[in-house]
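Single chain ahead, written as structure tokens, the form predicted alone.
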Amino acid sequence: MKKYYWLIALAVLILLVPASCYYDSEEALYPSLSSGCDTTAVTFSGKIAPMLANNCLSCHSNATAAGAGNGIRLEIYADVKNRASAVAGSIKHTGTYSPMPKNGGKLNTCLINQFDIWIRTGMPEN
């Protein structure tokens, strides 16, 4: 009788293993992650300033730029507008400009796309 219990247990295990190896795409499992890039109405105050605040201003704010940011300030609209092409090159890690964030990875594609759209649409402030 013990022999049959082992055979039944083995059969159940063999049937359950393939069912437990189900893989799905990240997009299907987490749709909000794959569609979270808003590239409509990209303005300085709406998208660019928050991106800079989260990724750049620890070194490039008006208070820290002299010491940590090589004198490059990115806190106000006029400063960012004047340096837009350099900022774009830096965040894209093109090789022409120093890659930013310094000693960090490249910004995510959504943020880079938003910055490019902001430049292409004439760098609107609000």
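From 1 onward, residues are counted along the sequence shown. Predicted model only: the values in this text are computed from it and were never measured.
Quick note: we don't show the form predicted together with heme C, though the next part is all about it.
Does heme C come within 4.5 Å of a heavy atom in each of Asn55, Ser58 and Gly69 in the predicted complex? Yes: each residue has a heavy atom within 4.5 Å of the partner.
Counting only non-hydrogen atoms and a 4.5 angstroms cut-off, does Thr96 reach heme C in the predicted complex? Looking in the predicted complex, residue contacts with heme C include Thr96, since a heavy atom lies within 4.5 Å.
Is there any non-hydrogen atom of Ala49 lying within 4.5 Å of heme C in the predicted complex? Contact with heme C, no.
is_contact(Val42, heme C) in the predicted complex, heavy atom dist at most 4.5 Å: Close contact is absent here: in the predicted complex, Val42 is far from heme C, nothing within 4.5 Å, heavy atoms only.
For the heavy atom contacts within 4.5 Å of heme C in the predicted complex, list the residues of 81-97 involved, in sequence order. Residues within 4.5 Å: Ala86, Val87, Ser90, Ile91, Thr96, Tyr97.
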